[in-house]
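Take a look at this one chain, the form predicted on its own, written out in structure tokens.
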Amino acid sequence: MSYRKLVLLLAFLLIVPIAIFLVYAFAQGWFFPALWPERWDSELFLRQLRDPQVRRGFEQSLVVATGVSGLALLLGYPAARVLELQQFRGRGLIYGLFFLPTVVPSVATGIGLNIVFLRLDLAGTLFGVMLVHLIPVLPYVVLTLGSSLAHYDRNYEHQAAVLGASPWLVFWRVSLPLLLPSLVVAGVLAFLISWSQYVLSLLIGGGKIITLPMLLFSAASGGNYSLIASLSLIFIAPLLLLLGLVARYLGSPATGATPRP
């Protein structure tokens, strides 16, 4: 199979679920064995957009995912920089510890941390949900930035420092432009992972923090396909918009830095 056919196949597999959601969200009176709905109506979809609980879930999901993206970059960039640009004993072990959360079931992580968060009064708070989302997010952010920094040439920073630039100016005018594509990709990846979290949000949110995945899972248990499709469209719409806005960075090389000789 040629590369072009493979891309078309992957695009087809990605588009089909969205097309199914669109059909079910706006189809009315579609019963077996009819091959086509009796009519099309946007009332159910618009009703979900106006629903206070859906709006609250959307707003809280947006706040949490955005906050997690920012915190993950603030914590992940220094960690990746140290792990990739510094040589020290135990470096491989620390790298392995960063990826340990990816093999531990989220249920076990959430139950264990719920006890700690209850004692710290973080359970049932937006900040608490953000902190617990960092556990599955940080490994991927560190990996994304680390793969970029592995080919990063620090001589540009040294030259700027020799010319009198302060550490902040070196970061703002040299490091940030070179690493911007990787930072954008890491931030988007962090947003996507946090946006889709269900178990950790449920365990740490304690019913006080309601996110879109929680509403979607609740609707899925009811078996109303039109409702499920409407909530699914609301759930994936911001993701598609975000991917569209950063598409030029996603299509860039893994790093904006010049490879080291």
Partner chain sequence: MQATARKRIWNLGLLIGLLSLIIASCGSNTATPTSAPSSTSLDLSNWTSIEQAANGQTVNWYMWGGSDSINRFVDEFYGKALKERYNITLNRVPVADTVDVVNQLLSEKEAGKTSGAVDLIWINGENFASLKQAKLLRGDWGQSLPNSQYVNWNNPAVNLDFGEPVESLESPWSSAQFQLIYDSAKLQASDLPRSYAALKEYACANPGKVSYIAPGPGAFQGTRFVKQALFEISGGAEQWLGAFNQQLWDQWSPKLWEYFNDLEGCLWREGSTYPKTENELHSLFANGEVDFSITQAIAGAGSLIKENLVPASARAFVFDDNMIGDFNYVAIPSTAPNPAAALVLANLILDPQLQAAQILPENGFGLGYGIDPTKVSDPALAAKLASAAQQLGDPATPASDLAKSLRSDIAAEYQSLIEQGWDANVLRK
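Residue numbers count along the first chain shown, from 1. What you see is a predicted model; the values in this text were computed from it and never measured. Between two forms, the rigid core is the largest collection of C-alphas that superpose within 1.5 Å.
Just so it is clear, the following notes concern the form predicted in complex with its partner chain, a form of the same protein that is not shown.
(message) Just to be sure I understand the contacts: of 126, 161, 180, 118, which is the one whose heavy atoms reach within 4.5 angstroms of its partner chain in the predicted complex?
(response) Among 126, 161, 180, 118, a heavy atom within 4.5 Å of its partner chain in the predicted complex occurs only for 118.
(message) Counting heavy atoms only and using a 4.5 Å cut-off, do 70, 73 and 145 all touch its partner chain in the predicted complex?
(response) Not a single listed residue reaches its partner chain in the predicted complex, so no.
(message) I'd like to know whether residue 66 contacts its partner chain in the predicted complex, with contact meaning heavy atoms within 4.5 angstroms.
(response) Residue-level check for residue 66: no, no contact with its partner chain.
(message) Under a 4.5 Å heavy atom criterion, is residue 168 part of the interface with its partner chain in the predicted complex?
(response) No, residue 168 stays farther than 4.5 Å from its partner chain in the predicted complex.
(message) Quick check on residue 48: any heavy atom within 4.5 Å of its partner chain in the predicted complex?
(response) Contact with its partner chain, yes.
(request) May I ask you to check whether residue 44 falls inside a 4.5 Å heavy atom distance of its partner chain in the predicted complex? (result) Contact with its partner chain, yes.
(message) Where, within 210-240, is there a heavy atom within 4.5 Å of its partner chain in the predicted complex? Residue list please.
(response) Counting only heavy atoms within 4.5 Å of its partner chain in the predicted complex, the contacting residues of 210-240 are 210, 215, 217, 218, 219, 221, 222, 223, 224, 225, 227.
(request) Align both forms on the core first, then report whether residue 51 has a C-alpha shift of 2 Å or more between this form and the one not shown. (result) No.
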